[in-house]
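A single chain comes next, written as structure tokens; it is the form predicted on its own.
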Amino acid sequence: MASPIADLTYRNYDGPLEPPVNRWWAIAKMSMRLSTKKRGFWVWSTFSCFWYGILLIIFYVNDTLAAANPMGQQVSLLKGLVWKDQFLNAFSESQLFLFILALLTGAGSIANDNRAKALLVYLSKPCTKLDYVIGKWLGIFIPITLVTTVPAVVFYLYCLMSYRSYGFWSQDPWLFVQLMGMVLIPGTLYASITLAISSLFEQGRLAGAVFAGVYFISYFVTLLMELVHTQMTMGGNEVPPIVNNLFYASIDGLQIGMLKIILHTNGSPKFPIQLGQMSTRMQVPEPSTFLFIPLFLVICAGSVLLAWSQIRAVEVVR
């Protein structure tokens, strides 16, 4: 009886040989898989959408009451809204939750590899430092960007279908394009900064603690400048430019500044009922485009370069 295996001898592979491609994508997929397996990722992602839900409730109730009153639409709260500012406010309220997501996805991205001596394995394969950095960066950028994008797009489509009579479309026809630029900001900044901090340590928890310290210390500066701005505005005094500039001197402030530039707005009060000239004046004005965008890019690029410089295989000593 003939054997089903025609040749049991060992033979070398003699087929076509192609260079390895998309090595960075394999690293990115593994990073995202590890992040999305954590229950906390989905919990904090859900919490980050809460302000959109509050706005939808306010809008729905107000629109229903206006429809029941023949003159209601003329005096409706929705008629005086700056619609793009609602996206800015919703993002502002989600920043703490996005920071927690950045901790979960990025704090240990390189630090845990340093602890496990995994860089020796990564870089001994056909994988360059550039592949490794791009993969790790995308593994943080993509999840955070998706968490930012999905609720913003859903909210936009709902408002587009429901509130066109209140000027949602006519007020800013290019709003959706602006939103597509806006949702890239948190992922870009967090992926860059967390990657840099993580590359400096061999413990993910230690890297997370340092990142949290940087976040909250810088956030205190933003809160302090916001308080000074409010007090001076309410007192009828002119706010010095340094106060407005220091308001953006934090991780949160950098993101808010970039969003104001993209949306081209100074912002509006968080609650739609807080309308009026004084409440509008209390908003910190949009930063200078020509100074702020290069600063943002330098911080992101510098952080990635720092991470790249720290990545090296562990030497084996005999």
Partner chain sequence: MEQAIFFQALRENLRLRRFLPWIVLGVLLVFGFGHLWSTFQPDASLEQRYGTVSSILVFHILALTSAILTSTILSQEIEQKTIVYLVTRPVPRWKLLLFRYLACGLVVSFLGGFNAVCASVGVYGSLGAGASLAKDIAAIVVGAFAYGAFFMFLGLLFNRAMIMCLLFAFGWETMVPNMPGQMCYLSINSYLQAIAQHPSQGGNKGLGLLTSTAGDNTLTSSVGYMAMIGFAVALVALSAWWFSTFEYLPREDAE
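Residue numbers count along the first chain shown, from 1. Predicted model only: the values in this text are computed from it and were never measured.
Missing here is the form predicted in complex with its partner chain; even so, the following discussion is about that form.
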Legend entry - its partner chain in the predicted bound form: contacting segment from 172-180, 148-156, 238-246, 132-140, heavy atom within 4.5 Å: 238-246
Inset, instruction - Verify the flagged residues Arg205, Phe220 and Leu227 against its partner chain in the predicted bound form: is each one within 4.5 Å by a non-hydrogen atom? - result: yes
Legend entry - is_contact(Tyr163, its partner chain) in the predicted bound form, heavy atom dist at most 4.5 Å: no
Inset, instruction - Indicate whether Trp44 is a 4.5 Å heavy atom neighbour of its partner chain in the predicted bound form. - result: yes
Legend entry - Contact test in the predicted bound form: Arg33 vs its partner chain, heavy atoms, 4.5 Å: no
Legend entry - Heavy atom of Leu103 within 4.5 Å of its partner chain in the predicted bound form: yes
Legend entry - Option touching its partner chain, based on a heavy atom within 4.5 Å in the predicted bound form, out of Leu77, Val82, Leu184, Ala212: Ala212
